[in-house]
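Take a look at this single chain, the form predicted alone, given in structure tokens.
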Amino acid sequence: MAARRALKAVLVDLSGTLHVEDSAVPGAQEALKRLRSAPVTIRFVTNTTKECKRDLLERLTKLGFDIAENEIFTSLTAARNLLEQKQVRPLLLVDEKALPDFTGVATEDPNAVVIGLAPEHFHYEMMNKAFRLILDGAPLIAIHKARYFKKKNGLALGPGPFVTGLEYATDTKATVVGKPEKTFFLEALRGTSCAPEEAVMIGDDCRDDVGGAQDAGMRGILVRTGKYRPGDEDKINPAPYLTCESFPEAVEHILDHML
């Protein structure tokens, strides 16, 4: 088997990997500082649609993480890029806190449907509005299709079940822009001069983080924090390159064995 190329980039998930809501994963801040001492490019990749990039950065800074805005690549950014490419006017089913990332995007008389995590919009009247638009030919764009995510008080439904419901009702397939899509991971690497084979992804979602990254040609490290549940390692094939207890343990493995 061909030898692996030297590691040049580390992609890091945010929610569930570095933090859960307003609590950092123990030791994650110091681990990130140690990782920055290595000769690798670091990018933070997230499917979060609960807040815009500015608010997300503010949250991470308050938790003590040293992260620059240009190091963060979000599925909201990917969704906006697609809307601009398609030149469509979306019905935006996203959290109000995410709307700043769509500033300047025309939304009057919508001819597309965009769905993120938006519990306040997931009611019959709004879902029926989206349903009728799609029946009339509007494309369905899913910022991501996560089944669930981790909150402080337990697991909670993600946008995936609602996207799937609209797919079923309209007999269409959504265009997914976030993880685990290969294009999302390749876009995150743009500008790093790194090939997928020179990158590793660290995350708590076996399918979207690890499986998606490995399908794109990277290695994937699964962490047992956030939404992780026992047995997740067995849900993808090939299995994760490595499973660690947490982000700090993943960083130690990278520093000791991957450089």
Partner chain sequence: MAAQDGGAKMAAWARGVRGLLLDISGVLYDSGGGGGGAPIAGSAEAVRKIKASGLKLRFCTNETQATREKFVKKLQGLGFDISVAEVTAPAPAACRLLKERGLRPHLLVHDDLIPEFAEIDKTNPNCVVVGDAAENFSYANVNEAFRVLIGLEKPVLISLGRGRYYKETDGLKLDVGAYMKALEYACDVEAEVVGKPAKAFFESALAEMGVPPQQAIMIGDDIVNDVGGAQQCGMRAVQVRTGKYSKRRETEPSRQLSAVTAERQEDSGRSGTRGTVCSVPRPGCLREKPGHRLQKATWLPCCQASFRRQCGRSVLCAEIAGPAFQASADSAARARTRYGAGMLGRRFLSANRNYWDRGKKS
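Because the structure is predicted, anything quoted here is derived from the model rather than measured. Basically, rigid core = biggest C-alpha set you can superpose within 1.5 Å across the two forms. Residue numbers count along the first chain shown, from 1.
Just so it is clear, the following notes concern the form predicted in complex with its partner chain, a form of the same protein that is not shown.
Handout entry: Listed range touching its partner chain, judged in the predicted complex by heavy atoms within 4.5 Å, from 124-132, 107-115, 183-191, 81-89
Key = Heavy-atom contact with the partner occurs in 124-132.
Problem - Whether Asp136, Thr164 and Ala169 all lie within 4.5 angstroms of its partner chain in the predicted complex by heavy atom - result: Looking in the predicted complex, the three residues Asp136, Thr164 and Ala169 all sit within 4.5 Å of its partner chain (heavy atoms).
Handout entry: its partner chain contact at Lys97 in the predicted complex, heavy atom, 4.5 Å
Key = So Lys97 does not count as contacting its partner chain.
Practice task
Look up in the predicted complex whether Thr103 has a non-hydrogen atom within 4.5 angstroms of its partner chain, and give yes or no.
Solution key: So Thr103 does not count as contacting its partner chain.
Practice task
At a 4.5 angstroms cut-off on non-hydrogen atoms, which residues of 220-242 are near its partner chain in the predicted complex? List them in order.
Solution key: Nothing in the stretch sits within 4.5 Å of the partner.
Exercise for the section: Verify the C-alpha shift of Thr183 between this form and the one not shown: is it 2 Å or more after superposing the core? Expected result: After core superposition, the C-alpha of Thr183 moves less than 2 Å between this form and the one not shown.
Handout entry: Rigid core superposed: Glu71 CA moves 2 Å or more between this form and the one not shown
Key = No: Glu71 shifts by under 2 Å between this form and the one not shown.
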